[in-house]
Each structure stands twice: as structure tokens, then as C-alpha cells.
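To begin, one chain is listed below as C-alpha cells, in the form predicted on its own.
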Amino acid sequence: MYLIKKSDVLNIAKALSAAYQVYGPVVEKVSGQTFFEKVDDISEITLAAPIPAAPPKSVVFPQAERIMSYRYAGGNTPVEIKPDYAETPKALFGLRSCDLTGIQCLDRFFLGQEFVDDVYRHHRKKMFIVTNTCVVPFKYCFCVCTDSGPCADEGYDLNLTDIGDNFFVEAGSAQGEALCKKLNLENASEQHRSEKNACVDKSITLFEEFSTESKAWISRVMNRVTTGFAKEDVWEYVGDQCFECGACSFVCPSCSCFNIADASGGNGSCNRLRTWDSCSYEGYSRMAGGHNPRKPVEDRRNKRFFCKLSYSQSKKYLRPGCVGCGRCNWVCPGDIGLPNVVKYIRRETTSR
């Protein structure tokens, strides 16, 4: 446990910039939106900024990237295959706990199953994570309903909590501990830990006042979705509201669907590209012969919320697939972000 003055907290990011490519929350001057992006000027980072508009998952799982190139000149010449792995050490500074939970879901999807995704693994390795406790909830958040905030419990190297004039710093790894000692941070006392805990407890009580756009008491809904007791007309209503735009998937910190395409580079060369995909799209589940088992949009919406709320997915992620950031509610033009769908299902359940 350590302390660092608010005026000095960016010194941690500066120290990391010597060995890592630093990413952090930056407020765009024109729109006022927060974006989690690569920073060359550490002073641009704003720890008090609201939750980023887009999830930081793009740092470890880019929206579009080349994962391999190959060349075949024809005849008896061998095929040249060159994997394209990004291995730049990255430091995520000021990550909110919900977004860290999203990255942990991606870890379990890409690294924790039968097959390991080498492209993702190379993005993820040599990474330093500094999380930032939400001492005040934001408008669309409901992380307390999904056990993903407002403070990170694991998976970080350092965790920062604003306790007034100082940040309370917790080391979650050996490399985090080493950085604190390198910076000669002041040791914190149990009194400071109590102040940190009080800040977290207060943040939880403020959700009713500040987080006004999203409520999602999901435990009973998880039971109804898992056991198939959500009525079909609920999914039909949700499908009727869906614009099939894919925005909910693209702003979700835990969505992992992707597509692979080969793009010709000429002269026998080709690039294999990986891009984000969305179960909202009609072509997402279309098979090579043209058959589509999920052509009706309500079937695709059913699948998305089953992915986020069912028990089988929770076993895979070791938690619900939703992390409570509220971004899907924020961007959905059809008003069917996950919190609203939870309301629809609960309303149908309690009215029976």
C-alpha cells in the first residue's frame, strides 16, 4: 500500500513510458468525449474523465488488423507464410474496473479454452495495467449489478483510488510493487486503506443518484434466460426494435466475435485480415450454402443476450458476460441496450 500526491500521479505514467507504449483516458477538446488512446504527451491523460466512449479492448483486440501475410508464386515454389504479431509492450493507465473485467473476459475466450489465439496472446503479453477506482458512478453505469466495480479486485499491476489530496496505490503484482519502490512512493497506513474503502462504499451508495440511465438487476433474469422461460414475444419485441447496426457489439468490452478475410496484394501476395464482427448482422451466421439458422432478427438478439446472461456463458467467463459499463444502452438507437432488455424480461416475469 502506497500514497502518491494527486499532482504527482502522472509520474507513474511517465515512468512507464520509458519501457511501454502508454494508453490512457484523453478528453477530446471539440466533442468533450473521453477516448482511451495511445498518448505521446502524458499530460493529456485525465484520470477524472468519464468512462471512455469506446472500450479499451481495442488495444488488445484491434477493430481491424493484419494477422498474417502469404505469397504463392505458382508452380513448384513453396508458399511463404509470415505471421504478423504485434509485440510492443503496452501500459494501460487509468483503466476503469468494468473495462478491466471486459479484458479478463477476452482473456478467458482467447486464452483460457482448448485453443489459444496467438495473435491475441502477443497483444496481451508484456502488458502493465493501472486501474482507476470510480469514486463517483457515471450516468450509464451499473457495474454494481454485474460484480465488476466500482473498484477492481484483481488483474491489475497497480490500482489507484482518489482519497482526497492523494491517490491510494495498491500493488497487484511483483512488477507493480517494483515500480512503487522505484518511484519511492510513501507507504500508506491502515487508516488510508480505511479511507479507500469508505470511498468505494460511498460510490456504491451514489449509483441511485448519479447512474440514472441504466438499472439492471440481472440475477433473476439470468435464471429466466438460462432456463428458457423468457417469453418469445419479448424477443420478438426486442427484434422489432433492432436496427441491426452492430453498435452494441462494437462498444461492448467483452464481445469477442470477429471475421477473417483475405485481401489480395498483387503478384501472388495476400494479406489475412481480422475485423470485429457482430451477431446483429444477418450474415453473421449464414453458412456457405446460403442457409441461415438465425435469419430472423429476434433470433440474433436472443443469442446476444443469451451470450451475456446465460449460465453456460458465465461458466466460460467465470462471471456474467456483461460488465455493467452501460455503453450499449448509450449507443443503441432502438432503445434495447442490455439494461432495458433486462427490464423487459423482469417485467414479463413479475407480471405472471
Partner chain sequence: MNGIKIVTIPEVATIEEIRDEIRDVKTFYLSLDNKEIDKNFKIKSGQFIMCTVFGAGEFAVSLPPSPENDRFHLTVRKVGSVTNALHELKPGGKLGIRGPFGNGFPFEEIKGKNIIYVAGGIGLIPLRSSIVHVLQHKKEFGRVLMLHGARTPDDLMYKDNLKEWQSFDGFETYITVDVAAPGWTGEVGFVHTLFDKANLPIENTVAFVCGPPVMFNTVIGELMKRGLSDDCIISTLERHMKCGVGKCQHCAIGRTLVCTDGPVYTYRQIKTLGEQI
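Residue numbers count along the first chain shown, from 1. The structure presented is a predicted model; accordingly, all values stated were derived computationally and were not measured.
Note that the form predicted in complex with the partner chain isn't included here; everything after this is about it.
Among the candidate residues Ser280, Ser211, Ser203, Ser256, which is the single one with a non-hydrogen atom no more than 4.5 Å from the partner chain in the predicted complex? Checking each option against the partner chain in the predicted complex, the one that comes within 4.5 Å is Ser256.
Can you pick the one in Phe243, Trp217, Tyr72, Phe229 that has a heavy atom within 4.5 Å of the partner chain in the predicted complex? Looking at Phe243, Trp217, Tyr72, Phe229 one by one, just Tyr72 meets the 4.5 Å heavy-atom criterion.
On the criterion of a non-hydrogen atom at 4.5 angstroms or closer, are Tyr2, Gly32 and Lys38 all touching the partner chain in the predicted complex? Heavy-atom distance to the partner chain in the predicted complex: none of the three under 4.5 Å.
Does at least one non-hydrogen atom of Ser58 fall within 4.5 angstroms of the partner chain in the predicted complex? Flag for Ser58 set to no.
Determine whether any heavy atom of Leu47 comes within 4.5 Å of a heavy atom of the partner chain in the predicted complex, and answer yes or no. Contact with the partner chain, no.
Even though the partner isn't displayed, in the predicted complex is Ala174 close enough to the partner chain, meaning a heavy atom within 4.5 Å? Answer no; every heavy atom of Ala174 is more than 4.5 Å from the partner chain in the predicted complex.
Is Arg66 close enough to touch the partner chain in the predicted complex, meaning at least one heavy atom pair within 4.5 Å? It does not: once the partner chain is placed as it appears in the predicted complex, Arg66 has no heavy atom within 4.5 Å of it.
Taking 4.5 angstroms as the heavy atom distance cut-off, pick the stretch from 189-197, 230-238, 155-163, 82-90 that is near the partner chain in the predicted complex. One stretch meets the cut-off, namely 82-90.
Using a 4.5 Å cut-off on heavy atoms, what residues in 306-345 are near the partner chain in the predicted complex? Sequence-ordered list: Phe306, Ser312, Gln313, Lys316.
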